[in-house]
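Shown here is one chain on its own, the form predicted alone, set out as structure tokens.
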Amino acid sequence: MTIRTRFAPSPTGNVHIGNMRAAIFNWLYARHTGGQFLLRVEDTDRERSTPEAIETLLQAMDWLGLDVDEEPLYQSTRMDAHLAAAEQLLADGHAYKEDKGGIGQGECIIFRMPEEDMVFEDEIKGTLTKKAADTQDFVIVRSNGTPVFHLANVLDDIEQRVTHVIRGDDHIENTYRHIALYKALGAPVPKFAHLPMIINAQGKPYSKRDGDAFVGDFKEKGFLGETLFNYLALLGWSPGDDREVMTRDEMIAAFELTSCKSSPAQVDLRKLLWMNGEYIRAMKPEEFAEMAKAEVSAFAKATADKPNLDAVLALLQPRIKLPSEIGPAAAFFFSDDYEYDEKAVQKKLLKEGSFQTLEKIAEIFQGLETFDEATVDKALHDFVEESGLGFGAVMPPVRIAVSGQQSGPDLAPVLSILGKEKVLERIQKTIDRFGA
């Protein structure tokens, strides 16, 4: 049997990460088993499922690399089939008509739930049961003649020959109804796997109130598609070891429904940010340079001085977690008009002896015939050892003097890139401004 999974969203504009997490799990399981991943657009709400909303959905899937194996099925094209099935259920005694509201606005078609306990084996949660006394008949066609989600969903899964329905556990109650519909329609019942909900730190369903919640939000912030895919895959699933940053192929090889967790998965945006930094760190230098272009375009010299720019980007790449960090981190390399971090100045620069240290460092640097990274690094280390001041008393004042920042990449390569003349100018400027 060929495994066939599907993603069946109802596009209404923004795509929530919870919906996309379900798509990722379906995609991974299909790829792991050598099966097929399908898309069904449940677009029967024509007011909300606009062409723009559908395009937003498709773009989100493309950005995350969720390729499908067949042309998407649009549910709005299937209404005749849905209504024909409802009539067949009426004819077979599995449904009946009733004026549900009792106000004479027309009859609904209502599915008759079987008078028996419902039991099914969930691929993640195990055996799930519901007593017959707790089940209720439900509407499958509204009084205005439009099919309800339950009927359309089941019929379209049958049409697409879906073998595994992988969706959020908020659908468990629906699954009992859907299994009854499959049986009444004489169709094979697929396997069901219900994913745990995504929650916030308070254990509530994760929403926009908790931070970025839509795929587009993360893309706009500069998160990579591979990062978000990797992170969402780990919300409710584990490869069985300590791996967190994984390639697409590694996730495909390791993914099993039996490895999915049944307890809620908590969103940790700090971990997502860390993971994005790991993906940026692993980029090829030319890929990082392309990403950085827009961020450093404000610095005229950055585009004119290509060797210098390459050196700066190589220094920054291991430290960047979002593209928006590149500009602020790189600014002092290309402009003498940088701002000083006030807290850094108060804490590290205005300490007793700092300006004498800067003067001594400037004197040492002035005497260097070469000003490459190795020479500068040796000069700093020799001074620290000879003076007995310690790195904590020497490095921070120098860093603040040349960059205005308290932290950053290793100091020796920073000084080497800036060059001897500029370093000396900036040390003197800092002494004149704060040491007078």
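Position 1 is the first residue in the sequence shown; the rest follow in order. Note that the coordinates shown come from a computational prediction; the quantities given were computed from them, not determined experimentally.
There is another form of this protein, the form predicted together with the RNA, and it is not shown here; the text below is about that form.
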Exercise. Looking in the predicted complex, is the RNA within 4.5 angstroms of a heavy atom from every one of 205, 261 and 399?
Worked result: yes
Seminar exercise, completed: Only one of 358 to 366, 217 to 225, 162 to 170, 85 to 93 sits within 4.5 Å of the RNA in the predicted complex by heavy atom distance, namely 162 to 170
For this session: Report the residue, out of 128, 132, 314, 81, that has at least one non-hydrogen atom within 4.5 angstroms of the RNA in the predicted complex.
Result: 128
Exercise. Which residue among 411, 66, 379, 58 has a heavy atom within 4.5 angstroms of the RNA in the predicted complex?
Worked result: 411
Exercise. Would residue 284 sit within 4.5 Å of the RNA in the predicted complex, counting heavy atoms only?
Worked result: no
Exercise. Does any heavy atom of residue 246 come within 4.5 Å of a heavy atom of the RNA in the predicted complex?
Worked result: no
Exercise. Are any of the heavy atoms in residue 149 no more than 4.5 Å from a heavy atom of the RNA in the predicted complex?
Worked result: yes
For this session: Please run the contact check for residue 395 against the RNA in the predicted complex: heavy atoms, 4.5 angstroms, yes or no?
Result: yes
Exercise. Which of the residues spanning 39 to 58 lie within 4.5 Å of the RNA in the predicted complex, based on heavy atoms?
Worked result: 42, 44, 48
